[in-house]
Ligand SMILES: C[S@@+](CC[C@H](N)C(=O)[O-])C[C@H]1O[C@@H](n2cnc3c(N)ncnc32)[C@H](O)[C@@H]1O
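A lone chain, given as structure tokens: the form predicted alone.
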């Protein structure tokens, strides 16, 4: 409950997460049938980077501040949506900008003040429901969706010492309830051990068709720093791995500081 994403909005990890999210949403839209997006840790939806918490930390200068204005076609869709929304868009605002008439979104945010801001943002929007609710309860409550098509974004703050284990359990629960759904769970890379543990757990889980994508801005040697980030994606849409090699390379080119160990990975954790 102490974590407030506003301090970190638009940083390099946001850019990685959101560029991948936009690609997944566009892929979902290839089929005419509607889908539901469940955003488990929604935040306030959009952020002013020039005032308040984001301005105080200035993390966005090393993220979206480096990417805006780049002409790389692999990032054009994501960066175009950032410009379209105006304030830096969190995942709910990005999702809403992509939804078609037949699609909908369910946002869950436990922090009462942030949930209130999010409700005001989407007041009167019949395609968006906002709930002040625990994310892990939401996975059980809102899945499977009536549409039988959907994307679940799991994006916790990783403040709790057991957060990686909770993400693993959350992915497995979501898969049990919604086996055909696209599931995407973001994670930080500080040291390699926790990431290896998550990957090994997903390999051992029996969940099929799992891919991890990661970007490192430096070698993950100092566990006190955010050295990179990644997403575990279950049931990725067709073409995901090939497309991600292009998207992640573009992100690294824009975000990279030239530090030792910078790079990206696309790793298949289990076959289809």
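Numbering follows the first chain given and starts at 1. What you see is a predicted model, and the numbers here were worked out from it, not measured in a lab.
This protein has a second form, the form predicted in complex with the ligand, left out of what is shown; the following refers to that one.
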If we test each of 110, 81, 121, 182 for a heavy atom within 4.5 Å of the ligand in the model of the complex, the one that passes is 110
Have a look at 189, 98, 128, 135 for me and say which one sits with a heavy atom within 4.5 Å of the ligand in the model of the complex. 135
Hey, in the model of the complex, is residue 236 touching the ligand, heavy atoms inside 4.5 Å? no
Answer yes if any heavy atom of residue 170 is within 4.5 Å of a heavy atom of the ligand in the model of the complex; otherwise answer no. no
Would residue 145 show up as a contact with the ligand in the model of the complex if we use heavy atoms at 4.5 Å? no
Does residue 157 reach the ligand in the model of the complex if we count a contact as any heavy atom within 4.5 Å? yes
Counting only non-hydrogen atoms, which stretch in 70-78, 83-91, 194-202, 173-181 is within 4.5 Å of the ligand in the model of the complex? 83-91
Could you list the residues in 23-42 that come within 4.5 Å of the ligand in the model of the complex, counting only heavy atoms and keeping sequence order? 39, 40, 41, 42
